[in-house]
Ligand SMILES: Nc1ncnc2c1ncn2[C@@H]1O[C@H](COP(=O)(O)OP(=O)(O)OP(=O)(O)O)[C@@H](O)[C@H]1O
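Given as structure tokens, the chain that follows is alone and in the form predicted on its own.
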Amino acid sequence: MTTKRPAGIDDDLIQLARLALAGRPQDVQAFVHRVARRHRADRPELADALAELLRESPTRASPLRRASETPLPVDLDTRLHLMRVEDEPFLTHEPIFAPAVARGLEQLILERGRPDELLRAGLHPTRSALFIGPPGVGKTLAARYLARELRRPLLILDLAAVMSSYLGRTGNNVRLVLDYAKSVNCVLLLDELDAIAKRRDDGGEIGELKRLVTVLIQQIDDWPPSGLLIAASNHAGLLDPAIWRRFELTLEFPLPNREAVDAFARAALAPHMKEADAWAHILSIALDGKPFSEIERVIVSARRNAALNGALLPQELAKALDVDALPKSARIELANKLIDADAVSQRQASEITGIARDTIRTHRRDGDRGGDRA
């Protein structure tokens, strides 16, 4: 698990001044929005004032890049940019990583912070890492976290743009992206790598896509130690074996266990409700084993409904619980936790969990007796 103290007002002012002096009005607006959201719980009047300023300020088109900067590469057919750029990656709250993943990420950060020691030993920092795991478990978030900690821009390859309608140009698109990224002190994320780096022995793939794998291998081999190349895959089994060998570090992102769900939900709920601890535990029962993206979707949806309906957030969270797939023991535990949190009545807990009220009462009495004996 990785935690970091949130930025304070002083840090926000310094960052805001930096963006303003650099003449980046769109980035200023985006940052003000983030500050308002971050301080909603501890400085509500400030957050409201900033939100009002944002409402009064018209949205501006993206400012032109300085003439001295190298233009972002574009697809020759569509003229679309081949990647997205996050100059200063931002996280809404600190990420929760499995222990093995957290150790790997901290190792990457440590290596970038002490390159001279590695150089004296004849080594270089890890140049490339492969993140594998199902969708929604934090692979892209981990890349954003690394870029933030390393104070580098995050470049994300847009695979929809890179796959040219003329397949012969797709390899050129990949070269353009990686050549550009090599010239920038950045973190480059190749998202959904399996879409373009499939096994070359897959009989269903046409020759051009097989050649694309070869191009990608050559580009990874040529990646400089000054940069950090990250690739993410939802379907590691589809990757060409040669691709696996090119990455110096592989991190496997598992689906979160109950402890991870609890920590993630607590971090997401803390700015919005006093009962964050109790509800984090409730969600850890209801959403055990679900990807972080699903947990975030449930919380954000409940917050929207609470705002629109003038309801309390706990009420909307209770409505959002989908427990049909949970075993009976988990539903009984969930019913008791809902009642303990004063979120619902016994009747409502029975309706939400599908557990008979008599069963709930019996387990609560047995629990009380056990507490008395203790």
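Start at 1 and count along the sequence shown; that's the residue number. Every value quoted in this text rests on a predicted model; they were computed, and no experiment measured them.
The next section is about a form of this same protein that is not shown, the form predicted together with the ligand.
- Stretch-level contact check against the ligand in the model of the complex with heavy atoms at 4.5 Å: of 147-155, 130-138, 178-186, 273-281, the positive one is 130-138.
- At a distance threshold of 4.5 angstroms between non-hydrogen atoms, E296 is in contact with the ligand in the model of the complex.
- In the model of the complex, the ligand sits within 4.5 Å of a heavy atom belonging to N234.
- Using a 4.5 angstroms threshold between heavy atoms, H93 counts as touching the ligand in the model of the complex.
- When the ligand is considered in the model of the complex, E192 lines it closely, a heavy atom lying within 4.5 Å.
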